[in-house]
Ligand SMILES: NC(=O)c1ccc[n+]([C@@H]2O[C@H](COP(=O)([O-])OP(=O)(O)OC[C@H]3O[C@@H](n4cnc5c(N)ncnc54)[C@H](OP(=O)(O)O)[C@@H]3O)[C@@H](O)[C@H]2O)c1
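In the form predicted on its own, a lone chain appears below as structure tokens.
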Amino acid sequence: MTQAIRLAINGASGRMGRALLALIREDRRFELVHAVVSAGSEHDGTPVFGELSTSLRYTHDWSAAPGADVVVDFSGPDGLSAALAHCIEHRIALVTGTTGIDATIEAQLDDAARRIAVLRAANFSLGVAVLTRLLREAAAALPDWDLEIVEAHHGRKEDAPSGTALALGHAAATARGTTLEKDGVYVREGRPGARRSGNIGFAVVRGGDVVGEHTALLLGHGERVELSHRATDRSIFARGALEAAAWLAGQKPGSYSIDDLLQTRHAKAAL
């Protein structure tokens, strides 16, 4: 029998942390060895799975953490910094979806990739990763077609366009040899004039309980191509993070993405 992957979760009481815990109980690939929450959390010191006897308990630090093969982090900048230091010291792979980090932590992650395997993603949906790859190829193959990206999310989402929409835009722009800073268009109202060739436009929809929808429209003369992804269950992001963790645990030091995981799968399928 293959030995279970020893997993630690950072940000274990957050939305993504709870989703990971719900999945890991049924996933025999993993053994949960550590569950970290923020200092002062109401969960600190309580049993992770509710049993009162010998169950694993939430903790706010890494000082007594047992050995692990990989850490999955969905916390915040401070939480990520602490987890990163622990991973570097003990040579543990790190999967992180934490956003809003500053240049200092960015540099720390880049430096850490020389000593440990680090996988970062703004969106852990495997479907979105495939969508990004398809859009990259389509944008390069159809360089003269107009490109618009439409995204929809629930009414409580505060940022716009979504991070995933922007990531799609960056991928398409790079494929066309340009940047969003140069060709991205985020607002159209009044009389903005005719569409400029090469622009990558964004449109935003907010309302209801939409988990997340992204569509890239490539519009030519007399025809168009639509590439879409619709998320109907938030658990897909946790599932993707666990797939990334299972894959990353066996990788050499370096900086990785979800696309690297997909490439490995594609290569194995081609054998």
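Note that residue numbering follows the sequence shown and begins at 1. For clarity, every value in this text was computed on a predicted model and none was experimentally measured. Note that the rigid core is defined as the largest set of C-alphas that superpose within 1.5 Å between two forms.
Separately, the form predicted in complex with the ligand exists; it is not shown, and the next lines address it.
The closest non-hydrogen atom of Ser38 lies within 4.5 Å of the ligand in the model of the complex.
Contact annotation: Met16 falls within 4.5 Å of the ligand in the model of the complex, judged by heavy atom distances. Although the partner is absent from this view, Leu248 stays clear of the ligand in the model of the complex, with no non-hydrogen atom inside 4.5 angstroms. Within this chain, Gly201 is remote from the site of the ligand in the model of the complex, having no heavy atom within 4.5 Å. The partner is absent here, but in the model of the complex a heavy atom of Ala121, alone among Ala121, Ala152, Leu135, Ala112, sits within 4.5 Å of the ligand. For the options Arg188, His170, His90, Lys157, the one in contact with the ligand in the model of the complex, meaning a heavy atom within 4.5 Å, is Lys157. Considering the ligand in the model of the complex, the lone stretch of 233-241, 64-72, 215-223, 26-34 in range is 233-241 [heavy atom distance within 4.5 Å]. For the partner-free chain shown, nothing in 198-214 comes within 4.5 angstroms of the ligand in the model of the complex, judged by any non-hydrogen atom. When the rigid core is held fixed, the Cα atom of Gly79 travels less than 2 angstroms between the shown form and the other one.
Core-superposed comparison between the shown form and the other one: the Cα of Glu158 travels 2 Å or more.
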